[in-house]
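As structure tokens, one chain now follows by itself in the form predicted alone.
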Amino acid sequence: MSNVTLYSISYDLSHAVVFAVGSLAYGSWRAAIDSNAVVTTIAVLVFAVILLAASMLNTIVLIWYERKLLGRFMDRRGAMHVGYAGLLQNFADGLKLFRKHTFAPREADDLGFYFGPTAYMVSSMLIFGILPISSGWNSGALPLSLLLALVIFSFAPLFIFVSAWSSNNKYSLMGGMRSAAQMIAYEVPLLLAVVAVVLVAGSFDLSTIVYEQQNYWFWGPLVVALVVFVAAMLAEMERIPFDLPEAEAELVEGWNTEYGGMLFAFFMLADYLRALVGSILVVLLFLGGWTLPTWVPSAATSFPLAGIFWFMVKTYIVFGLFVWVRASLPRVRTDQLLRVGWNRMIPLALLSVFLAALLVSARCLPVFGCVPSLGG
């Protein structure tokens, strides 16, 4: 793996800036400014700003991308009037929400009402500091990065329920309870599908999992785990056909009924941030991450930022499949959703773990090849 990472570049840039500023100071001030703690703090802030900018830009593009895809699926053009091809429509919507005043219900719990959407948004953004986008994106030195990402991802039911309960609205409370039941029901098969990947890769490190897919991507031999993971991820993201917590025909707008202005924008942005995280996890676990098959010409992988480019291409393709599912399937009933989660997804997830154990025992497959760390 390359030693040059985005954080190392941020650190070198911060060190150069701090050294230049420190050279203008004298005595104890110079030693304080040029200390390693100051350099590290500035490097972390620079790295965080880059992650924030990249995640928010991709989120805005994803919203536009979904609107255009849904327009094509519905035989219309989608957003097209604000900016070229409607590219500025999301900025106009954001400005509108930013200018709106947020009203809290009279009997609402103010702490939970404002804390819920803020924590939901912040926890969704924290995951981007863990996910590797390419070999030069971050240090890749987190041995439990996959486990940590899933732990942060699973905080959502708590924040959603707090937001719903604190709104003092019966529809919101019902939506929050639906959300908690749905996410808990589908987190079990989600984690079991991840266990299948970890068994084959032999690591919880996302970078290691990507490099273990050098001979073949895991979607082939672990196709059952892929199906379970995608279905569970759709339920975790509360996207159609699993959008029961926000069922507008039944619950007005579900757990975010009482929210408007920027707090509603927080929920919307966090939903798309989680959709982006879900797409990225599918690419990392099953589609080879930023790598391409060995038969691809070297010219396709040797240009600058090739890893990030191909990674984002895969991510947007996966998100396009999520939109395709949304445009094709109707919403299911709550009892159907929970029955599928507990009675269908868990047995399939256990089957995927069993198949992964067989793969580890066999070491190699006739068509796909060998797992690097197991096949020798």
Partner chain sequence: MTEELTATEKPSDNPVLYVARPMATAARQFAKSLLRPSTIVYPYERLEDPKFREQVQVASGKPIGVGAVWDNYRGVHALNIATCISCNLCAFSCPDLCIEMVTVPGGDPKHAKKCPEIDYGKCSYCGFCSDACPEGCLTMTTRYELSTPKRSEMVYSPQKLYEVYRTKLPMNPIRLERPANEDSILLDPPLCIGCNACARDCPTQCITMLEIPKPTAKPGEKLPKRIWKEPVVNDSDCVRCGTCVSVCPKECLFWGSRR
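Bear in mind that the values here come from a model prediction, so they are computed numbers and not experimental data. Residue numbers count along the first chain shown, from 1.
The following text describes the form predicted in complex with its partner chain, which does not appear among the structures shown.
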Legend entry - Heavy atom of residue 103 within 4.5 Å of its partner chain in the predicted complex: no
Legend entry - 4.5 Å heavy atom contact, residue 328 to its partner chain in the predicted complex: yes
Inset, instruction - Flag residue 69 as yes or no: does it have a non-hydrogen atom within 4.5 angstroms of any non-hydrogen atom of its partner chain in the predicted complex? - result: yes
Legend entry - residue 81 within 4.5 Å of its partner chain in the predicted complex, heavy atoms: yes
Inset, instruction - Taking 4.5 Å between heavy atoms as the contact cutoff, choose which of 115, 91, 73, 155 touches its partner chain in the predicted complex. - result: 73
Inset, instruction - Could you tell me which stretch in 36-44, 303-311, 317-325, 56-64 has residues with non-hydrogen atoms within 4.5 Å of its partner chain in the predicted complex? - result: 317-325
Inset, instruction - Go through 340-359 residue by residue and record those having a heavy atom within 4.5 Å of its partner chain in the predicted complex; state none if no residue qualifies. - result: 344
